[in-house]
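We begin with a single chain expressed as structure tokens, specifically the form predicted on its own.
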């Protein structure tokens, strides 16, 4: 009993000593945070999306306040209003950034698409892609298990009954989380005021595409030939639209009518 009491006394004394030492060290070595960091962080959208290139909103707030070389317009979700406020607080100039939204480059439903096998594994696109690039015959198509929707910090993506992501453009901030997580690279950020986009992601040759997808871009080049402004080119068997040329010069959108598979579609906000 005496030994137990002695042990308790010793532990109590040690606890008291360590507490005093830690308290002193905490007070002695505390680094005062610049109050401007809190002001900047308060106006950020708190999506913690990482689109700014930093690990969350607080990390960006610290960087933009303390480092003169960090631009005030890196918060993509906040767009111009947030950039202007950050610039005002930090005394920097906010350059204009073109607003972008996510676009799904696939229209082939997972429910009816030709498949290599029946997938019954983890309900995740990244996991499914590890097995022969996913269950679809098209290795470039949307796998449809919703990894993009789970990753979106702004709830801007839903998976429809066909197993395809649907982007709510009123909620999408263009942060790029969905684009970075998609293993098939089906999701791409495009200008908010784009005129047309190609609803296909496959780099296979046209004849192969037609075997597993009737609405794929077959790389025939009709759209490129018909565009009077050279806004469309065929690269790796796929039509690629230059949105800057398209929106600046084109108003007829002749490519929509000429595309034999309707892979080129009007971009509607």
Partner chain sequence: MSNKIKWGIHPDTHKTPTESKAIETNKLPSKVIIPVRQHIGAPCVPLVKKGDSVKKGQLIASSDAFVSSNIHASISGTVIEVADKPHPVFGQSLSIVIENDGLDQWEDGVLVERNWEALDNNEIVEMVKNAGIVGMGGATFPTHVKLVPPKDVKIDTLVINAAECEPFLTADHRVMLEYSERVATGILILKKLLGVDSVYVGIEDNKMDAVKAMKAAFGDKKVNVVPIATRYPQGGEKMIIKTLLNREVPSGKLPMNVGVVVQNVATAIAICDAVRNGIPLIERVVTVTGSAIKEPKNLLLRIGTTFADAIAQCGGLKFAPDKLIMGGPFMGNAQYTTEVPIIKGANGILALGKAEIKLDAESACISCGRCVSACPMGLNPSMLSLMAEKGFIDETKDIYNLLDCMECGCCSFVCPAKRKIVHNIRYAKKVSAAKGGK
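What you see is a predicted model, and the numbers here were worked out from it, not measured in a lab. Numbering follows the first chain given and starts at 1.
The form predicted in complex with the partner chain exists for this protein as well; it is not shown, and the discussion that follows is about that form.
Novice: Would all three of 253, 259 and 267 be in contact with the partner chain in the model of the complex, where contact means some heavy atom lies within 4.5 Å?
Specialist: No, the whole trio is out of contact, none within 4.5 Å by any heavy atom.
Novice: Pick from 87, 189, 127, 159: which has a non-hydrogen atom within 4.5 Å of the partner chain in the model of the complex?
Specialist: By the 4.5 Å criterion, the partner-contacting residue is 127.
Novice: Let me know the one among 80, 171, 132, 93 whose heavy atoms come within 4.5 Å of the partner chain in the model of the complex, would you?
Specialist: Only one option qualifies, and that one is 132.
Novice: Any idea which of 119-127, 151-159, 194-202, 67-75 reaches within 4.5 Å of the partner chain in the model of the complex, heavy atoms considered?
Specialist: Single hit among the candidates: 119-127.
Novice: Please check if residue 114 has a heavy atom lying within 4.5 Å of any heavy atom of the partner chain in the model of the complex.
Specialist: Residue 114: no, not in contact with the partner chain in the model of the complex.
Novice: Scan 237-262 and write down, in order along the chain, each residue with a heavy atom lying within 4.5 Å of the partner chain in the model of the complex.
Specialist: Result: empty, none.
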